[in-house]
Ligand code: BGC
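Single chain ahead, written as C-alpha coordinates, the form predicted alone.
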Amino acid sequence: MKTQYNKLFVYFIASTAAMGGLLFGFDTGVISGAIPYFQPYFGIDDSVVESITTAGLAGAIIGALFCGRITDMLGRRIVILASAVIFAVGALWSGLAASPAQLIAARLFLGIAIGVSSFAVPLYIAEISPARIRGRLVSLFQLMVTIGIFVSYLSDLFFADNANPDCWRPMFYIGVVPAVILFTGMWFLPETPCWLLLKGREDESRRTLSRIEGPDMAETSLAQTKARIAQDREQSGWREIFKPWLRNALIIAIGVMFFQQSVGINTIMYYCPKIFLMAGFADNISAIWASVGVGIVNVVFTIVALSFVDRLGRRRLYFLGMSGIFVSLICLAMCFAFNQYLGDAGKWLSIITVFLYIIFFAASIGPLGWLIITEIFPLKVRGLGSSIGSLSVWVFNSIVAFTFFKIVKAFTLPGSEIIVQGESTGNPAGAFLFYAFIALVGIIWGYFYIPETKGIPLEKIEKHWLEGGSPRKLKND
(Lines give C-alpha, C1' and ligand atoms only; values in the text may rest on other atoms or scores of the structure.)
Protein backbone atom coordinates (compact mmCIF):
# COMPACT_ATOMS: atom_id res chain seq x y z
CA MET A 1 0.00 0.00 0.00
CA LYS A 2 2.90 2.35 0.85
CA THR A 3 4.52 1.87 -2.56
CA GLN A 4 1.25 2.69 -4.31
CA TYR A 5 0.84 5.84 -2.18
CA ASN A 6 4.36 6.95 -3.12
CA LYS A 7 3.63 6.36 -6.79
CA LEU A 8 0.49 8.47 -6.63
CA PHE A 9 2.37 11.17 -4.74
CA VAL A 10 5.11 11.30 -7.39
CA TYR A 11 2.58 11.50 -10.23
CA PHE A 12 0.81 14.31 -8.39
CA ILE A 13 4.08 16.22 -8.02
CA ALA A 14 5.03 15.72 -11.68
CA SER A 15 1.56 16.65 -12.96
CA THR A 16 1.49 19.81 -10.86
CA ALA A 17 4.96 20.90 -11.96
CA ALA A 18 4.12 20.06 -15.57
CA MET A 19 1.54 22.87 -15.47
CA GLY A 20 4.61 24.96 -16.22
CA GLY A 21 4.73 23.16 -19.56
CA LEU A 22 1.06 23.90 -20.18
CA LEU A 23 1.72 27.59 -19.48
CA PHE A 24 4.75 27.46 -21.77
CA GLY A 25 2.55 26.12 -24.58
CA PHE A 26 -0.41 28.37 -23.79
CA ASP A 27 1.53 31.62 -23.81
CA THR A 28 3.41 30.75 -26.99
CA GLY A 29 0.20 29.71 -28.78
CA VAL A 30 -2.31 32.31 -27.55
CA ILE A 31 -0.74 35.03 -29.69
CA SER A 32 -1.95 33.33 -32.90
CA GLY A 33 -5.66 33.92 -32.25
CA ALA A 34 -5.10 37.39 -30.85
CA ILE A 35 -3.18 38.70 -33.89
CA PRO A 36 -6.18 39.02 -36.26
CA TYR A 37 -7.86 41.24 -33.65
CA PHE A 38 -5.12 43.40 -32.12
CA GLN A 39 -3.50 44.08 -35.51
CA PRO A 40 -6.46 46.12 -36.86
CA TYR A 41 -7.17 47.41 -33.32
CA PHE A 42 -3.77 49.11 -33.16
CA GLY A 43 -3.55 49.67 -36.92
CA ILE A 44 -0.14 48.01 -37.20
CA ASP A 45 1.54 46.24 -40.11
CA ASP A 46 2.99 42.72 -40.25
CA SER A 47 6.49 43.86 -39.22
CA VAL A 48 5.15 45.15 -35.88
CA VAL A 49 3.23 41.88 -35.43
CA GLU A 50 6.52 40.04 -35.92
CA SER A 51 8.13 42.25 -33.25
CA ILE A 52 5.33 41.54 -30.76
CA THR A 53 5.54 37.80 -31.41
CA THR A 54 9.34 37.74 -31.24
CA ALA A 55 9.39 39.74 -27.99
CA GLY A 56 8.14 36.68 -26.10
CA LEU A 57 10.89 34.56 -27.63
CA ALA A 58 13.55 37.17 -26.80
CA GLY A 59 12.33 37.03 -23.20
CA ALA A 60 12.61 33.25 -23.31
CA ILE A 61 16.26 33.55 -24.37
CA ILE A 62 16.93 35.85 -21.39
CA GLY A 63 15.15 33.46 -19.03
CA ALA A 64 17.01 30.42 -20.38
CA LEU A 65 20.39 32.19 -20.16
CA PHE A 66 20.16 33.05 -16.47
CA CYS A 67 17.88 30.30 -15.17
CA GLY A 68 20.61 27.72 -14.53
CA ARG A 69 22.57 29.74 -11.99
CA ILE A 70 19.44 31.11 -10.31
CA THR A 71 17.90 27.64 -9.86
CA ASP A 72 21.16 26.47 -8.25
CA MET A 73 21.12 29.45 -5.87
CA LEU A 74 17.44 29.64 -4.89
CA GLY A 75 16.16 26.14 -5.60
CA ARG A 76 14.03 24.56 -8.30
CA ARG A 77 10.74 25.02 -6.44
CA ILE A 78 11.22 28.74 -5.68
CA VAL A 79 12.15 29.48 -9.30
CA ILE A 80 9.02 27.69 -10.58
CA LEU A 81 6.91 29.65 -8.09
CA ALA A 82 8.51 32.88 -9.36
CA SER A 83 7.83 31.87 -12.97
CA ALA A 84 4.14 31.35 -12.10
CA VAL A 85 4.00 34.93 -10.78
CA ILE A 86 5.68 36.21 -13.97
CA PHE A 87 3.21 34.21 -16.08
CA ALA A 88 0.26 35.76 -14.22
CA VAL A 89 1.58 39.35 -14.30
CA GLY A 90 2.60 38.98 -17.96
CA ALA A 91 -0.87 37.70 -18.91
CA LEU A 92 -2.58 40.65 -17.18
CA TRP A 93 -0.12 43.14 -18.63
CA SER A 94 -0.62 41.76 -22.16
CA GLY A 95 -4.40 42.07 -21.87
CA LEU A 96 -4.20 45.61 -20.48
CA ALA A 97 -1.72 46.85 -23.11
CA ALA A 98 -2.78 50.27 -24.45
CA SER A 99 -0.24 50.37 -27.29
CA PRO A 100 1.94 48.05 -29.39
CA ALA A 101 4.97 49.15 -27.36
CA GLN A 102 3.28 48.06 -24.13
CA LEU A 103 2.31 44.74 -25.68
CA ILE A 104 5.92 44.18 -26.78
CA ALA A 105 7.12 44.93 -23.22
CA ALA A 106 4.48 42.63 -21.71
CA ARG A 107 5.36 39.76 -24.05
CA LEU A 108 9.07 40.26 -23.37
CA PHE A 109 8.38 40.04 -19.62
CA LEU A 110 6.16 36.98 -20.03
CA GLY A 111 8.78 35.34 -22.24
CA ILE A 112 11.18 35.28 -19.30
CA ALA A 113 8.79 32.88 -17.56
CA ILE A 114 8.62 30.73 -20.72
CA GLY A 115 12.43 30.45 -20.80
CA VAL A 116 12.63 29.75 -17.08
CA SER A 117 9.93 27.07 -17.15
CA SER A 118 11.48 25.33 -20.16
CA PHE A 119 14.56 24.70 -18.02
CA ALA A 120 13.38 24.57 -14.40
CA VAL A 121 10.29 22.38 -14.75
CA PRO A 122 11.93 19.39 -16.52
CA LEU A 123 14.86 19.70 -14.07
CA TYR A 124 12.51 19.65 -11.08
CA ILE A 125 10.59 16.65 -12.42
CA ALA A 126 13.80 14.75 -13.26
CA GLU A 127 15.25 15.31 -9.78
CA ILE A 128 12.05 14.53 -7.87
CA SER A 129 11.19 11.34 -9.82
CA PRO A 130 12.29 7.78 -9.03
CA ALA A 131 14.74 6.52 -11.68
CA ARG A 132 12.40 3.78 -12.94
CA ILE A 133 9.75 6.27 -14.15
CA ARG A 134 11.89 9.39 -14.69
CA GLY A 135 11.80 9.33 -18.49
CA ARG A 136 8.04 8.96 -18.59
CA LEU A 137 7.49 11.82 -16.16
CA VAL A 138 9.93 14.20 -17.87
CA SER A 139 8.18 13.46 -21.20
CA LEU A 140 4.98 14.64 -19.52
CA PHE A 141 6.37 18.19 -19.70
CA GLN A 142 6.74 18.03 -23.50
CA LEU A 143 3.24 16.61 -23.86
CA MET A 144 1.85 19.41 -21.68
CA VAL A 145 3.47 22.00 -23.95
CA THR A 146 1.46 20.69 -26.92
CA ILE A 147 -1.68 20.53 -24.77
CA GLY A 148 -1.04 24.14 -23.71
CA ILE A 149 -0.90 25.22 -27.37
CA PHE A 150 -4.17 23.38 -28.04
CA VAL A 151 -5.84 24.96 -24.99
CA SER A 152 -4.71 28.41 -26.16
CA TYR A 153 -6.41 27.83 -29.52
CA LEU A 154 -9.63 26.77 -27.78
CA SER A 155 -9.42 29.84 -25.54
CA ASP A 156 -8.91 32.09 -28.56
CA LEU A 157 -11.95 30.51 -30.21
CA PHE A 158 -14.09 30.99 -27.09
CA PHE A 159 -13.35 34.71 -26.83
CA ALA A 160 -13.20 35.49 -30.56
CA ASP A 161 -15.93 37.96 -31.48
CA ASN A 162 -15.86 39.77 -34.79
CA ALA A 163 -18.20 42.42 -33.37
CA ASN A 164 -15.95 43.20 -30.38
CA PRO A 165 -12.58 44.82 -31.21
CA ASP A 166 -11.41 44.25 -27.60
CA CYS A 167 -11.98 40.48 -27.67
CA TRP A 168 -8.20 39.84 -27.87
CA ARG A 169 -7.73 41.10 -24.30
CA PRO A 170 -9.47 38.19 -22.46
CA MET A 171 -7.50 35.79 -24.67
CA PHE A 172 -4.45 36.94 -22.72
CA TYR A 173 -6.21 37.37 -19.35
CA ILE A 174 -7.23 33.70 -19.19
CA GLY A 175 -3.53 32.78 -18.87
CA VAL A 176 -3.76 33.89 -15.23
CA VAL A 177 -5.84 30.80 -14.37
CA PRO A 178 -3.19 28.08 -15.05
CA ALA A 179 -0.55 30.38 -13.51
CA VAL A 180 -2.53 30.50 -10.24
CA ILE A 181 -3.00 26.70 -10.35
CA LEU A 182 0.76 26.22 -10.83
CA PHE A 183 1.63 28.62 -8.01
CA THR A 184 -0.90 27.10 -5.59
CA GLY A 185 0.18 23.54 -6.34
CA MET A 186 3.92 24.24 -6.14
CA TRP A 187 3.45 26.05 -2.82
CA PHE A 188 2.64 22.72 -1.17
CA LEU A 189 5.25 20.62 -2.96
CA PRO A 190 8.74 19.81 -1.60
CA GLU A 191 12.09 20.96 -2.94
CA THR A 192 14.10 18.31 -4.80
CA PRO A 193 16.31 16.01 -2.71
CA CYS A 194 19.26 16.76 -4.99
CA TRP A 195 19.14 20.53 -4.41
CA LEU A 196 18.65 20.04 -0.65
CA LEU A 197 21.80 17.91 -0.58
CA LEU A 198 23.69 20.52 -2.59
CA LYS A 199 22.83 23.02 0.15
CA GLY A 200 23.84 20.66 2.96
CA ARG A 201 20.26 20.02 4.12
CA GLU A 202 20.61 16.24 4.33
CA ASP A 203 17.82 15.60 6.83
CA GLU A 204 15.28 17.44 4.68
CA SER A 205 16.51 15.54 1.63
CA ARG A 206 16.08 12.23 3.46
CA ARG A 207 12.54 13.12 4.53
CA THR A 208 11.56 14.04 0.96
CA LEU A 209 13.07 10.82 -0.40
CA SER A 210 11.16 8.83 2.22
CA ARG A 211 7.90 10.32 0.99
CA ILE A 212 8.79 9.58 -2.64
CA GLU A 213 10.66 6.26 -2.53
CA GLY A 214 9.59 4.94 0.86
CA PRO A 215 11.85 4.67 3.94
CA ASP A 216 13.48 1.43 2.73
CA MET A 217 14.80 3.01 -0.49
CA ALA A 218 15.51 6.48 0.91
CA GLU A 219 19.03 5.72 2.17
CA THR A 220 20.04 4.00 -1.08
CA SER A 221 18.76 6.93 -3.15
CA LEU A 222 20.46 9.38 -0.80
CA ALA A 223 23.82 7.62 -1.25
CA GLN A 224 23.41 7.55 -5.05
CA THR A 225 22.54 11.24 -5.14
CA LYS A 226 25.58 12.10 -3.01
CA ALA A 227 27.84 10.12 -5.37
CA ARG A 228 26.40 11.86 -8.43
CA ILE A 229 26.86 15.30 -6.86
CA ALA A 230 30.46 14.48 -5.96
CA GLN A 231 31.13 13.31 -9.52
CA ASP A 232 29.57 16.44 -11.03
CA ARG A 233 31.71 18.70 -8.83
CA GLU A 234 34.86 17.10 -10.24
CA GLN A 235 33.92 17.83 -13.85
CA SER A 236 35.13 20.81 -15.87
CA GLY A 237 31.98 21.78 -17.80
CA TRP A 238 32.63 24.52 -20.37
CA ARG A 239 36.25 23.53 -21.04
CA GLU A 240 35.25 19.93 -21.69
CA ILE A 241 32.30 20.51 -24.01
CA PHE A 242 34.40 22.40 -26.55
CA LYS A 243 37.09 19.73 -26.81
CA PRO A 244 37.53 18.14 -30.28
CA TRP A 245 36.17 14.74 -29.21
CA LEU A 246 32.76 16.31 -28.45
CA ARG A 247 32.61 18.41 -31.62
CA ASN A 248 30.14 16.06 -33.32
CA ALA A 249 27.86 16.01 -30.29
CA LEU A 250 27.82 19.81 -30.23
CA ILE A 251 27.11 20.00 -33.98
CA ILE A 252 24.26 17.52 -33.56
CA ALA A 253 22.72 19.43 -30.61
CA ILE A 254 22.73 22.78 -32.41
CA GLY A 255 22.01 21.34 -35.87
CA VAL A 256 18.99 19.25 -34.92
CA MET A 257 17.43 22.26 -33.18
CA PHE A 258 18.23 24.47 -36.18
CA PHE A 259 16.32 22.17 -38.52
CA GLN A 260 13.55 21.59 -35.97
CA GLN A 261 12.80 25.32 -35.98
CA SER A 262 13.90 26.38 -39.47
CA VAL A 263 11.43 24.17 -41.35
CA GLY A 264 8.97 26.84 -40.20
CA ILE A 265 6.93 25.01 -37.56
CA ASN A 266 6.30 28.11 -35.49
CA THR A 267 5.09 30.13 -38.44
CA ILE A 268 2.13 27.74 -38.23
CA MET A 269 1.89 27.87 -34.42
CA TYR A 270 2.11 31.67 -34.16
CA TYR A 271 0.46 32.82 -37.38
CA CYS A 272 -1.96 29.98 -38.11
CA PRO A 273 -5.20 32.02 -38.31
CA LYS A 274 -3.45 34.63 -40.45
CA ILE A 275 -2.21 31.91 -42.83
CA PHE A 276 -5.69 30.39 -43.06
CA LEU A 277 -7.15 33.82 -43.83
CA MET A 278 -4.65 34.02 -46.71
CA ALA A 279 -5.84 30.55 -47.78
CA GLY A 280 -9.36 31.86 -48.27
CA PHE A 281 -11.22 31.59 -44.95
CA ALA A 282 -13.85 34.30 -44.76
CA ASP A 283 -13.38 35.57 -41.19
CA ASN A 284 -11.21 35.35 -38.09
CA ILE A 285 -13.43 32.86 -36.24
CA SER A 286 -13.39 30.39 -39.15
CA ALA A 287 -9.59 30.67 -39.30
CA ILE A 288 -9.28 30.08 -35.54
CA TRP A 289 -11.52 27.01 -35.86
CA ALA A 290 -9.04 25.62 -38.38
CA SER A 291 -6.23 26.40 -35.90
CA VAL A 292 -7.98 24.31 -33.24
CA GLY A 293 -7.68 21.37 -35.63
CA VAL A 294 -3.94 22.02 -35.85
CA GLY A 295 -3.75 21.90 -32.04
CA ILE A 296 -5.59 18.57 -31.89
CA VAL A 297 -3.34 16.99 -34.53
CA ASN A 298 -0.24 18.30 -32.73
CA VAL A 299 -1.23 16.71 -29.40
CA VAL A 300 -2.33 13.38 -30.88
CA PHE A 301 0.78 12.81 -32.96
CA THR A 302 3.12 13.93 -30.19
CA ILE A 303 1.64 11.06 -28.17
CA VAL A 304 2.11 8.76 -31.19
CA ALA A 305 5.77 9.77 -31.39
CA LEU A 306 6.34 8.76 -27.75
CA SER A 307 5.25 5.22 -28.60
CA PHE A 308 7.20 4.93 -31.87
CA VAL A 309 10.53 6.53 -31.04
CA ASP A 310 11.87 3.36 -29.39
CA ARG A 311 10.40 1.08 -32.05
CA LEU A 312 11.50 2.71 -35.30
CA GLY A 313 14.70 4.26 -33.98
CA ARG A 314 15.94 7.84 -34.19
CA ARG A 315 17.39 7.89 -37.72
CA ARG A 316 14.46 6.16 -39.40
CA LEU A 317 11.93 8.40 -37.65
CA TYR A 318 13.99 11.49 -38.50
CA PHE A 319 14.16 10.71 -42.22
CA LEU A 320 10.51 9.66 -42.37
CA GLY A 321 9.44 12.88 -40.67
CA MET A 322 11.72 15.25 -42.60
CA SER A 323 10.73 13.68 -45.93
CA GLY A 324 7.06 14.14 -45.05
CA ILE A 325 7.71 17.74 -43.98
CA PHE A 326 9.48 18.43 -47.30
CA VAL A 327 6.61 17.03 -49.40
CA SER A 328 3.95 18.74 -47.24
CA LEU A 329 5.63 22.14 -47.59
CA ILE A 330 5.90 21.73 -51.37
CA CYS A 331 2.18 20.91 -51.54
CA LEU A 332 1.30 23.81 -49.23
CA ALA A 333 3.32 26.19 -51.42
CA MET A 334 1.45 24.94 -54.48
CA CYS A 335 -1.90 25.57 -52.79
CA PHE A 336 -0.99 29.24 -52.37
CA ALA A 337 0.79 29.57 -55.73
CA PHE A 338 -2.33 28.40 -57.58
CA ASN A 339 -4.94 29.71 -55.13
CA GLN A 340 -6.67 31.84 -57.78
CA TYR A 341 -7.24 28.73 -59.92
CA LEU A 342 -8.22 26.39 -57.07
CA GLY A 343 -11.07 28.57 -55.81
CA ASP A 344 -12.87 27.39 -52.68
CA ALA A 345 -11.10 24.02 -52.83
CA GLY A 346 -7.81 25.80 -52.15
CA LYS A 347 -8.57 26.54 -48.52
CA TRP A 348 -9.51 22.91 -47.82
CA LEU A 349 -6.39 21.64 -49.57
CA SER A 350 -4.33 24.07 -47.49
CA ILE A 351 -5.85 22.68 -44.27
CA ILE A 352 -5.09 19.12 -45.34
CA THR A 353 -1.48 19.93 -46.19
CA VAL A 354 -0.99 21.89 -42.94
CA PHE A 355 -2.36 18.91 -41.01
CA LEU A 356 0.02 16.56 -42.86
CA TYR A 357 2.89 18.92 -42.10
CA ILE A 358 2.00 18.95 -38.38
CA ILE A 359 1.64 15.15 -38.35
CA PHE A 360 5.11 14.58 -39.78
CA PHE A 361 6.66 17.22 -37.51
CA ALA A 362 4.95 16.15 -34.27
CA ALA A 363 5.73 12.47 -34.92
CA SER A 364 9.41 13.04 -35.67
CA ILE A 365 11.76 15.97 -35.28
CA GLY A 366 9.50 17.78 -32.79
CA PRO A 367 10.11 15.40 -29.86
CA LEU A 368 13.23 13.84 -31.43
CA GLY A 369 15.23 17.03 -31.06
CA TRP A 370 14.68 17.16 -27.31
CA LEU A 371 15.39 13.44 -26.93
CA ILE A 372 18.61 13.40 -28.97
CA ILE A 373 20.25 16.26 -27.05
CA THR A 374 19.81 14.32 -23.80
CA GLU A 375 21.48 11.19 -25.25
CA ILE A 376 24.55 12.39 -27.14
CA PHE A 377 26.49 14.07 -24.33
CA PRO A 378 28.45 12.29 -21.57
CA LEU A 379 27.20 12.71 -18.02
CA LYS A 380 29.79 15.31 -17.03
CA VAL A 381 28.51 17.82 -19.63
CA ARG A 382 25.01 16.51 -20.28
CA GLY A 383 23.29 19.36 -18.47
CA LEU A 384 25.42 21.97 -20.19
CA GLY A 385 25.04 20.35 -23.61
CA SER A 386 21.27 20.14 -23.22
CA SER A 387 21.21 23.81 -22.16
CA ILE A 388 23.07 24.78 -25.35
CA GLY A 389 20.53 22.81 -27.39
CA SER A 390 17.61 24.44 -25.54
CA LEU A 391 19.05 27.93 -25.98
CA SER A 392 19.52 27.19 -29.69
CA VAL A 393 15.78 26.48 -29.95
CA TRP A 394 14.86 29.93 -28.67
CA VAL A 395 17.41 31.68 -30.88
CA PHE A 396 16.29 29.91 -34.07
CA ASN A 397 12.63 30.18 -33.05
CA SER A 398 13.03 33.96 -32.66
CA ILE A 399 14.68 34.30 -36.07
CA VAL A 400 11.90 32.33 -37.80
CA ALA A 401 9.11 34.27 -36.03
CA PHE A 402 10.74 37.63 -36.75
CA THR A 403 11.34 36.96 -40.45
CA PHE A 404 8.22 35.10 -41.63
CA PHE A 405 6.28 38.05 -43.05
CA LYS A 406 9.51 39.55 -44.37
CA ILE A 407 10.20 36.32 -46.29
CA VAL A 408 6.59 36.24 -47.50
CA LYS A 409 6.96 39.77 -48.85
CA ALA A 410 10.40 39.14 -50.37
CA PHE A 411 9.29 35.98 -52.20
CA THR A 412 5.91 37.24 -53.43
CA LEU A 413 5.86 37.54 -57.23
CA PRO A 414 4.15 40.60 -58.76
CA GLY A 415 0.51 39.81 -59.44
CA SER A 416 0.34 36.90 -56.97
CA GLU A 417 -0.69 39.01 -53.94
CA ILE A 418 -3.65 37.76 -51.88
CA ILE A 419 -6.53 39.95 -50.73
CA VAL A 420 -7.37 39.38 -47.04
CA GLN A 421 -10.35 41.25 -45.58
CA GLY A 422 -10.11 43.92 -48.23
CA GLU A 423 -6.35 44.45 -47.97
CA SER A 424 -3.58 43.19 -50.23
CA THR A 425 -1.04 40.90 -48.54
CA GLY A 426 1.92 38.91 -49.76
CA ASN A 427 1.66 35.31 -50.95
CA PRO A 428 3.32 32.76 -48.61
CA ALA A 429 3.99 30.25 -51.42
CA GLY A 430 7.63 31.37 -51.75
CA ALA A 431 8.15 31.26 -47.98
CA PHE A 432 6.93 27.66 -47.77
CA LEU A 433 9.17 26.70 -50.70
CA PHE A 434 12.06 28.25 -48.78
CA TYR A 435 11.24 26.14 -45.70
CA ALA A 436 10.94 23.08 -47.95
CA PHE A 437 14.47 23.75 -49.22
CA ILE A 438 15.70 23.87 -45.60
CA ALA A 439 13.96 20.52 -44.96
CA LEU A 440 15.78 19.06 -47.96
CA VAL A 441 19.11 20.33 -46.60
CA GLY A 442 18.09 18.82 -43.25
CA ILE A 443 17.64 15.40 -44.85
CA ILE A 444 21.14 15.59 -46.38
CA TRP A 445 22.63 16.87 -43.10
CA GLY A 446 20.85 14.15 -41.16
CA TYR A 447 22.46 11.41 -43.27
CA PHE A 448 25.85 12.47 -41.89
CA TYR A 449 24.96 13.70 -38.42
CA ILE A 450 21.83 12.03 -36.98
CA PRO A 451 23.04 9.10 -34.82
CA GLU A 452 21.03 5.97 -34.11
CA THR A 453 20.99 5.98 -30.30
CA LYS A 454 18.11 3.53 -29.89
CA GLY A 455 18.99 0.95 -27.24
CA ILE A 456 22.63 2.08 -26.99
CA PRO A 457 24.01 2.60 -23.47
CA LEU A 458 25.05 6.21 -22.86
CA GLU A 459 28.51 5.02 -21.87
CA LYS A 460 28.95 3.42 -25.30
CA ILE A 461 27.94 6.67 -27.02
CA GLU A 462 30.61 8.51 -25.01
CA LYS A 463 33.20 5.88 -25.96
CA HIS A 464 32.24 6.24 -29.64
CA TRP A 465 32.98 9.99 -29.54
CA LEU A 466 36.27 9.41 -27.68
CA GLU A 467 37.37 7.02 -30.42
CA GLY A 468 36.61 9.63 -33.10
CA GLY A 469 33.61 7.76 -34.51
CA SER A 470 31.23 9.50 -36.91
CA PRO A 471 27.55 9.98 -35.96
CA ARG A 472 26.13 7.77 -38.74
CA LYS A 473 28.40 4.85 -37.76
CA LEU A 474 27.09 4.70 -34.22
CA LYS A 475 25.43 1.28 -33.88
CA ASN A 476 24.27 -1.07 -31.16
CA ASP A 477 26.43 -4.08 -32.11
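Just count from 1 along the sequence shown to find any residue number. Bear in mind the structure is a predicted one, so any value in this text is a computation, not a measurement.
The following text describes the form predicted together with this ligand, which does not appear among the structures shown.
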Touches this ligand in the predicted bound form: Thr208 (any heavy atom, 4.5 Å): no
Does this ligand come within 4.5 Å of any heavy atom of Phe361 in the predicted bound form? yes
Contact with this ligand in the predicted bound form for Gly366, defined as at least one heavy atom pair within 4.5 Å: yes or no? yes
Are any of the heavy atoms in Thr192 no more than 4.5 Å from a heavy atom of this ligand in the predicted bound form? no
Please name which of the stretches 183-191, 338-346, 256-264, 79-87 has residues with heavy atoms lying within 4.5 Å of this ligand in the predicted bound form. 256-264
From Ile125, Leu196, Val393, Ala179: within 4.5 Å of this ligand in the predicted bound form by heavy atoms is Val393
Of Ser129, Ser155, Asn397, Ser328, which residue is found within 4.5 angstroms of this ligand in the predicted bound form when only non-hydrogen atoms are counted? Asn397
At 4.5 angstroms, heavy atoms only, are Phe42, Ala160 and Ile288 all close to this ligand in the predicted bound form? no
Which residues in 240-259 have a heavy atom within 4.5 Å of this ligand in the predicted bound form? none
